[in-house]
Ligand SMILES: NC(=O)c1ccc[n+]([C@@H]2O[C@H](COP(=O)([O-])OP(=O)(O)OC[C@H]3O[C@@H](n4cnc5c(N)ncnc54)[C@H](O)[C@@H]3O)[C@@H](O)[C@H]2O)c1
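Consider the single chain below, provided in structure tokens and representing the form predicted on its own.
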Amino acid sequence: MESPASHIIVRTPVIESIAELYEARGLGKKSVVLFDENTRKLYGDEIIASMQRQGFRTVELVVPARETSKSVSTAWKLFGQMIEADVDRSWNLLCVGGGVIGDLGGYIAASYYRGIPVVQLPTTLLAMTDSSIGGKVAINHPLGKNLIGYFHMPALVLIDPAFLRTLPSREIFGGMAEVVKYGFIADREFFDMLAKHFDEVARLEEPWISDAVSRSAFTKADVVEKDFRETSGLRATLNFGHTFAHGLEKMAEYRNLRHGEAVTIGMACGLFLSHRMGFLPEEELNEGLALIARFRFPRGLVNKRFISLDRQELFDAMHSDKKKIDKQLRFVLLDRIGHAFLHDREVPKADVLHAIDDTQRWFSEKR
């Protein structure tokens, strides 16, 4: 299935037609293939063998499967390996993995020889529906996540839902956060489908999982196409819940709390803030919370990573978010389910703190 944004392909098995897809986009058959240790073990032999059968020349790069791989030191090491392998501007880079690999590989592709094409082959639900799409690529700094990077659009995004079958439940629910987000911000009909078939999607049942992946990916592509560099405020709506989430991730030192878990909690905060500021009716607040209540977290995680937090410390940590302007936090809010907007004025600190309180109380009660 091809998106209206024709660089996004959703197909099973996608790797068996990679030569045809590359040729259609004017890409050559010299490809650096970036894996993490997990994706290399799970899919590496199959992918490399398929590419070589289709006439590709490949250079493999492998990094540890952890967030800390998104670093200057890792990028520097990979640049050296590419130089030693005589990779030049006639090559492209294929990223096989989740958000870490997509971000790191995109950053390397944007930097190397002042830019070579990047192709994303996401293997997690979160990457298929969010991070592989839109061209935002970055590495982390000790003072904040994704602060150093580029806008570098992928030449292709190759999505094969079959890769999801190897994922543990925690990764699926992490990815579901971004799927649900599109229902909240852009598509009431999609929200209603997820409310009805959440369990089927989470169990990776067809046709629900492929439909959810496709609609999520194409929704993001449409938003990105209309506001690539986030100048109109439209693309910023993709960050619903993320200002809270990035604060939570910083407080967790980017360990033990997955991005999707932080976003799920952050969206609950965003719902309460939207309601507290008078935008979201109480009935729709409750609808949104009912869907978030369907998420499963590891035992004790919400208590340890959120309910027990000091709200002022979380508020301070949220200021590491790269989307703030002149030290002012910017929040994406809902005025109804299916429609988000960037609130372009300062949100009173008291309202933010009350929204955190409301969310902590709600999670405590529903536990």
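The structure presented is a predicted model; accordingly, all values stated were derived computationally and were not measured. Residue numbers run from 1 along the displayed sequence.
Below: the form predicted in complex with this ligand, not depicted.
At least one heavy atom of residue 136 is located within 4.5 Å of this ligand in the predicted bound form. Using a 4.5 Å cutoff between non-hydrogen atoms, residue 264 does not count as a contact of this ligand in the predicted bound form. Heavy atoms of residue 197 never reach within 4.5 Å of this ligand in the predicted bound form, leaving it off the interface. Contact annotation: residue 342 falls outside 4.5 Å of this ligand in the predicted bound form, judged by heavy atom distances. When contacts are defined as a non-hydrogen atom within 4.5 Å, all of 65, 123 and 146 contact this ligand in the predicted bound form. Only one of 282-290, 98-106, 210-218, 265-273 lies within 4.5 Å of this ligand in the predicted bound form by heavy atoms, and it is 98-106. Between this ligand and the residues 278, 168, 142, 80, the one pair within 4.5 Å by heavy atoms in the predicted bound form involves 168. Contacts of stretch 34-71 with this ligand in the predicted bound form, defined by any heavy atom lying within 4.5 Å, are made by 36, 38, 39, 42, 43, 65, 67, 70, listed in sequence order.
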